[in-house]
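Coming up, as C-alpha cells: structure 1 and structure 2, two forms of one and the same protein chain.
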Structure 1
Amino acid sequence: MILLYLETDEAGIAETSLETVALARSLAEAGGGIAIRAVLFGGLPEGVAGQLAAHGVDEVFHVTGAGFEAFSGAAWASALQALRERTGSVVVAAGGSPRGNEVLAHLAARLDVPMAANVVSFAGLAPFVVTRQVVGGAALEEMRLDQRPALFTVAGHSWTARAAVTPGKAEWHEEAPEVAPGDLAARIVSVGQREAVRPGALKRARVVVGAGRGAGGPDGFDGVVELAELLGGALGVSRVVTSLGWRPHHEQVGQTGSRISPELYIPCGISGAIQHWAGCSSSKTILAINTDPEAPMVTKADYAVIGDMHEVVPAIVEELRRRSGA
C-alpha cells in the first residue's frame, strides 16, 4: 500500500501533490493495483475529497487537533508514522516541496531508513530503483530503496497531474492523534499578511519575465513588470532578489522556488546560477538579457541580447506599445 502526505493551497490540493498522486498511480498499477491512501493536515479548502477521488485516491486520513493546525515537521511526521504503521504501507511519498522534504526527512530519521528526494521516475519494484534530481537538477542519480517503507519525494513538474481513468473512492477518516511536547519544539507560531496571489499563476504562465540582481534594487522592477503585463505573462525573480527583500518569495524561480515551463522565458539581469537553472530549464524558449556575454544564462539561452536590462526592456516595451497602437 502507498501512503502520501499531500498539501493544499487556496484552490484545493496543491499542484505538486497532485503530481505526486500521478506517480503513485503509476506505481500502484505496476504493483498490481495497490491502494493509494492520502494524509492531509489541518484546515482544508472545499472540494478536496472529490478532487482526490477524481485523481484515484482510495482513502483519506484528515489529521486535526491542537498540534496540527500549524505546520510542525516533527509533529506531522509523528502522525504520518502512526498511520504508516496502522495501514502497513510499504511506500510513503510526498511532493518535493520544502514541507514535503522536511516531513519525509523527519520520518526517515524516526524509522532509520533512507529517503530519496526529488524523484522523477522509478524502474521496477524488485529491486525498487528510483531516479532523482541532484546538483540542483543538473544531473540525475539512480538510488536503490531496499528497506521498507520506501520513502521519497517527487520532483516538481516531473509528472503531470491528470484525473484517473477509474476514480478512487476517497473513503474519509478523521484523525486526532496525540502529540508529544518535544515534537512541537519547532513549529509555525504566526503567519504574516502578504499581498493576494493567484495560486499557481507563475507555474501556469505561458510567458515569464525574470529579473535578478541586475534590477539594482527594489525600485528596479517597473520595466519587467510592464513587459510581463504586455505579454500576458507573469514575473519571476531569482533567489538573490527575494533574499534581499526586493520582491516576495512567491515570485521566486529556482530550486527553492517555483519550477516553470513556459513557452517563453525572458530572464533579465539573471546570471543563471545552477539553482535558478533548476527552476527554468524546462522553458521552451529562453531569451536572455544581460550585460555579461559569458553569463551561464546567456550561454544556455536560445537567444540573447547583450545590454543593460534598464535600457533593453524599456525599448522592447516601447516597440510592443507602438505595434499595438497603445
Structure 2
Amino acid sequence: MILLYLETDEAGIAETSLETVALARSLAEAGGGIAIRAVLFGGLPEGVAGQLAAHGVDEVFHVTGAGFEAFSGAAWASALQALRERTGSVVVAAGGSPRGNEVLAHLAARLDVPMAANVVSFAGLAPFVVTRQVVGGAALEEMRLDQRPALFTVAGHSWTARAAVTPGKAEWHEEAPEVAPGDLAARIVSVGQREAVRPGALKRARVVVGAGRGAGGPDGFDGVVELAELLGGALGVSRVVTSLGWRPHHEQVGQTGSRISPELYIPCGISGAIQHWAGCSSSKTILAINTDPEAPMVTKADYAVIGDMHEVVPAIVEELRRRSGA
C-alpha cells in the first residue's frame, strides 16, 4: 500500500503532487497492483476528487478540523502517521516541494526511519533502491530504503503528470484526527502578502531576462531591465548578483531562489552553474547571451548570441524599437 501526502493550489492538485502520483503508479504496477491512497489537508478547490480518480488514486483521506486550519509540519505528520498505521502502508511519499520535504521529515523523525529526499526513480523493489538528486541536481545518489515504511519525496519535474489508463475509485473519507498540543507548539500566527508577491510575478512571467556577473556592477542592469520591459517580462538574476548586493534576493533564479518556467528565458552574462540551472531548466526556450561560447549556459541553451551583453542587449532593444516604429 502506498500512502501519498498531496498538496493543492487554486487550480487543484499541485503539479509536483501529480508528478508524485505518476511515480507512485509506476511503483504500484511494479509491485503487482498495489493500492494508492492520498491524504489531503484543509480547504480544497473544486474538482479534486475527479482529478485524483483520473490519476489512478484508489482512496482519499481528507483531513480537516481543529489543528488543521493552518499548515503545521508536525500536525500534518501526526495525521499521516495515524493513517499510515491504519492502512498498513509500506511506502509513504510526497512531492519534493518545501512542504513535502518538511512533512515527510517530521514523519521520518517520528517513526525513526530513513527518508530519501528528491527521488527521481527507483532501481529495484527488493531491495528497494531509489535514485535521488544531490548537490542541487549535479549528481545522483543511489540509496537503499530497507526499513518500512519507506519514506521519500519526488524531485520536481522528474516525472510527468499524466492521467492513468485505468482510473481509480478515489473513494472519499473525511477525517478529523486529534492533534497533540505539542505538535502545535510551533505554529503560523499570520499569513500576509509581504515579499512573496514579487517572486510570484517572476514565476508567472512569459519572458524572463536574466543577468549575472557579466552585468559588471550595480549600474549594469539598465539594458536588461529595458529589454524585460519591452517584452512585458520580468528580470531574474544569478546568486552572484544578489550576494554582491547588486540586486535584491527576490529576483534570484535558482535552487535557492525562484524556479521559473517562462516561454522564453534570456540569461545574459550567466555561466549556467547547476544551482542556477535548477531554477531555469523548465523554460520552454532559452536564448543565452555570453562572451564565452563554452559556458554551460550557452551549450545547454536552444539559441545563443556570443558577445558582450552591454553591446548585444542595447542592439536588441534598438532593433525592437525600430520594428515597432518608435
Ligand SMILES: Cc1cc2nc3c(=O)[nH]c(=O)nc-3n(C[C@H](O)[C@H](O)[C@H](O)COP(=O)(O)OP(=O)(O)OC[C@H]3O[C@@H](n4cnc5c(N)ncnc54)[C@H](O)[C@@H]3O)c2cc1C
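Here the structure is a predicted model, which is why all the values come from computation and not from measurement. Here the rigid core means the biggest group of C-alpha atoms that line up within 1.5 Å when the two forms are laid on top of each other. Counting starts at 1 with the first residue of structure 1 and goes up one by one along its sequence.
Undergrad: Report the structure number, 1 or 2, for the form predicted in complex with this ligand.
TA: It is structure 2; that copy is the form predicted in complex with this ligand.
Undergrad: On a core-based superposition, does P98 travel 2 Å or more at its Cα between structure 1 and structure 2?
TA: Not so; P98 is displaced by less than 2 Å.
Undergrad: Can a Cα shift of no less than 2 Å be assigned to P293 between structure 1 and structure 2, given superposition on the rigid core?
TA: Yes; P293 is a residue whose C-alpha shifts (by 2 Å or more) between structure 1 and structure 2 when the cores are overlaid.
Undergrad: When the two forms are laid on each other by their rigid core, does V21 show a Cα shift of 2 Å or more between structure 1 and structure 2?
TA: V21 C-alpha, core-superposed: shift of less than 2 Å.
Undergrad: Please state the CA displacement of S243 between structure 1 and structure 2 in angstrom, with both forms fitted on the core.
TA: After core superposition, the C-alpha of S243 moves 9.5 Å between structure 1 and structure 2.
Undergrad: After fitting the core, how far does the CA of V313 move between structure 1 and structure 2, in Å?
TA: Core-aligned C-alpha shift comes out at 3.8 Å.
Undergrad: Having superposed the rigid core, state how many Å the Cα of L264 shifts between structure 1 and structure 2.
TA: C-alpha displacement of L264 between structure 1 and structure 2: 4.6 Å.
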